[in-house]
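Shown below, as structure tokens, is a lone chain in the form predicted alone; questions about how it binds or moves come after it.
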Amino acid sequence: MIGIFDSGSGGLTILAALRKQMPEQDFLYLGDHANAPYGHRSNQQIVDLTRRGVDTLMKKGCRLVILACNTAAAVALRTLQQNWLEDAYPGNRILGVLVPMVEALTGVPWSQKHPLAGDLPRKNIMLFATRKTVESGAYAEEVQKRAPHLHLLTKPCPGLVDAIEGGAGEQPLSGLVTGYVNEACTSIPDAVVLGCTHFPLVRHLFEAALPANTVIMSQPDIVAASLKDYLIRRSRYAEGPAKPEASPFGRVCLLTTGNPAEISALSALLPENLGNFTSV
């Protein structure tokens, strides 16, 4: 069973893509809706909340947990991997959504620390993300390390996660997205990254606000393909309890630290009904 952790409902976009890539796999999702959003919190708060969420999932039997939250991955992942995980859960793993995105952007494996060789044409990449993800500098640092010909422009989008989680209507959401795009894109970028897993829920609004045919890199699809490859090489992390009967589809369970009645409606924005949330 694989755990998926997010500050709220944004990670459902990752879960839906994982479910599509690996329909036979069991997934346990935990949204920390009671403490969302994370974008305005201190680094220490983000580390503590993320550790608590990962701990909950691992206590329920997940040997591998995906941080389906760019803010948590940018701020907390390395700290948890280096200072907590091995003592708390020896042999378990935590992965984040940032690494596959950087690999896809640069075309360079994460393990390769030296930059691409040769005189490569300069490209402008626009990253829309939460304020905390932008301030962490994680994307800019890792992209520059591997592909210095890529010029990463960043645009924090304060309030957008709150509006999505709060069920704001199409018009208010469109106004927010259009405002951020107009402020950020003085010229047409070579590609756009939606660096928050909530943002694919309003991808159509970004598409409408951006110039026609702008390349938008799909984080859910990229993360799902990367994890599928990871599990091919490390199948022990995909193993779960024996199922009572053979089935081509794995189980999906959605947990929340918040009020399930106020949250489950957001899953209706996804192409697949993943079920309803229950309290943890």
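This is a predicted model, so every value here is computed, not measured. Start at 1 and count along the sequence shown; that's the residue number.
The following text describes the form predicted together with a small molecule, which does not appear among the structures shown.
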| message | Gly39 versus the small molecule, in the predicted complex: is there a non-hydrogen atom within 4.5 Å? | response | yes
| query | Is the gap between Val161 and the small molecule in the predicted complex 4.5 Å or less for some heavy atom pair? | reply | yes
| said: My question is simply whether Ala76 lines the interface with the small molecule in the predicted complex - judged by any non-hydrogen atom within 4.5 Å. | reply: no
| 4.5 angstroms heavy atom contact with the small molecule in the predicted complex for Val193 | no
| Options 127-135, 101-109, 204-212, 85-93; stretch whose heavy atom lies within 4.5 Å of the small molecule in the predicted complex | 127-135
